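Quick setup: one chain, the form predicted on its own, written in C-alpha cells, and binding and motion questions come after.
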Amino acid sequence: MSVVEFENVTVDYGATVAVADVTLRVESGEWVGVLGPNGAGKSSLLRTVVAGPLTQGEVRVDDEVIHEAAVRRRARLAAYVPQRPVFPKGMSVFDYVLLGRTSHMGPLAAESATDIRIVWDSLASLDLVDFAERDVSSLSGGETQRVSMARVIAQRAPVLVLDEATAALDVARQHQVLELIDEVRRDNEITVVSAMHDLTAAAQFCDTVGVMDKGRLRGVGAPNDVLTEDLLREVFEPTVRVIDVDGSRVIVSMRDKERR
C-alpha cells in the first residue's frame, strides 16, 4: 500500500491560479474523491501526482518526491486515467492495454508471459476480451473509457489516479466500473485518488472526500461529515439537497420553484 501526500501544492498558469496551497494526505489503501464544480482545480491537483505542472509545494508517494523521480519510476508509482485519453490510430486494444506494462520491462525487453497474462486478465475484468483486436481509435466514448481502465489495471501501480474516469459511461456501466475500481483497490491494496462529478457516487464509494472551490479545499473528511447541504449549496448551487436513502447519502439538484 502507498500513502500520497500533497504539501502546500500550488499550480498556476500565468495569472490564473488553478490550485492554491492545498495540503492533503491520502492514507494507504484509501479511496479519496476530489469534488467541485468545473474549474475548481480538481484536474490540476490530480495531475501533480503524475508529475503534472507544479508551481509550489511537493507531492510524495511513500516519501518519494514525484517530481524528482525518473519517468519509469513515476509510472511504477502511479497510474493515471485523464478525462480525454489519447488513442493512437491503428493500435489494437490489446497493444494499447499492453502499454500499461512498459514500466515493468527493460529498455530493450519484449513483453513476458507474465505481461501477456496480466493484459488478458485486465481485458477480461472489463468484458473487453472480444475487443482485443479492434482498432482502439474506432471505439465509442464509453468503450474507450473501459479500455483506459484496463490499461491502468495492467500497470499494477500502487496508486491509481482517475480524472472523471466514468464520465462517458451510461449509468449502469458507471456503477460497474466504480465497483470494479473498488474491487481492484481492495484485492491489490491500491490507493485511489479520483476527481468526480457524481456526488452521490462519491458518497457511496469514497472513504474520504475533499470539496474544492476556486482552487482551494473547502472541506475534507468522511462523506457524511463533509457532504452537507450547507457546504454543497455554497460551492455548487442553492437548490442542492442531501437525502438519506437506506443509510446512504443521495445528493440531488432540485428545480428552483421560483423559476417555474
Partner chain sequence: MNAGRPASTHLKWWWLAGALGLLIAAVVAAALVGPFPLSPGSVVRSGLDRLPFIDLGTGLSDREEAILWQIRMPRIMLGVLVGSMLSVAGSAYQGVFRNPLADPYLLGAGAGAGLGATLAIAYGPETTNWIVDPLPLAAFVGAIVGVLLAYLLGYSVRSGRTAVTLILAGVAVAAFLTAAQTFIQQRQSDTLREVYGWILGSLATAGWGEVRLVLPYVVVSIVVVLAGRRLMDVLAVGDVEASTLGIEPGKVRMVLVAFATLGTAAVVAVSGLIGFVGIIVPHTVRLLTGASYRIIVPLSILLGGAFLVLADVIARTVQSPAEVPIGVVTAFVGAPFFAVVLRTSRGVVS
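Think of the rigid core as the biggest set of C-alphas that the two forms share within 1.5 Å after superposition. Residue numbers count along the first chain shown, from 1. Since we're looking at a predicted model, the values are computed, not measured.
Beyond the structure shown, there is the form predicted together with its partner chain, which is absent from this document and is the topic of what follows.
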Margin query: R216, P238 and V240 - do all three of these have some heavy atom no more than 4.5 Å from its partner chain in the predicted complex?
Written below: no
The one residue among L169, L128, A75, L139 placing a heavy atom within 4.5 Å of its partner chain in the predicted complex is A75
Among A201, V220, V50, L232, just one has a heavy atom within 4.5 Å of its partner chain in the predicted complex, namely V50
| Quick one: does P158 come within 4.5 Å of its partner chain in the predicted complex, counting heavy atoms only? | no
Q.
Please determine whether D187 contacts its partner chain in the predicted complex, using a 4.5 Å cut-off between heavy atoms.
A. no
Could you confirm whether R146 comes within 4.5 Å of its partner chain in the predicted complex, counting heavy atoms only?
no
I'd like to know whether T102 contacts its partner chain in the predicted complex, with contact meaning heavy atoms within 4.5 angstroms. yes
Here the chain appears without its partner; judged in the predicted complex, the stretch of 26-34, 56-64, 42-50, 223-231 with heavy atoms within 4.5 Å of its partner chain is 42-50
Core fit, then D135 C-alpha moves 2 Å or more between this form and the one not shown:
yes
Taking the rigid core as the reference frame, is the Cα of L178 displaced by 2 Å or more between this form and the one not shown? no
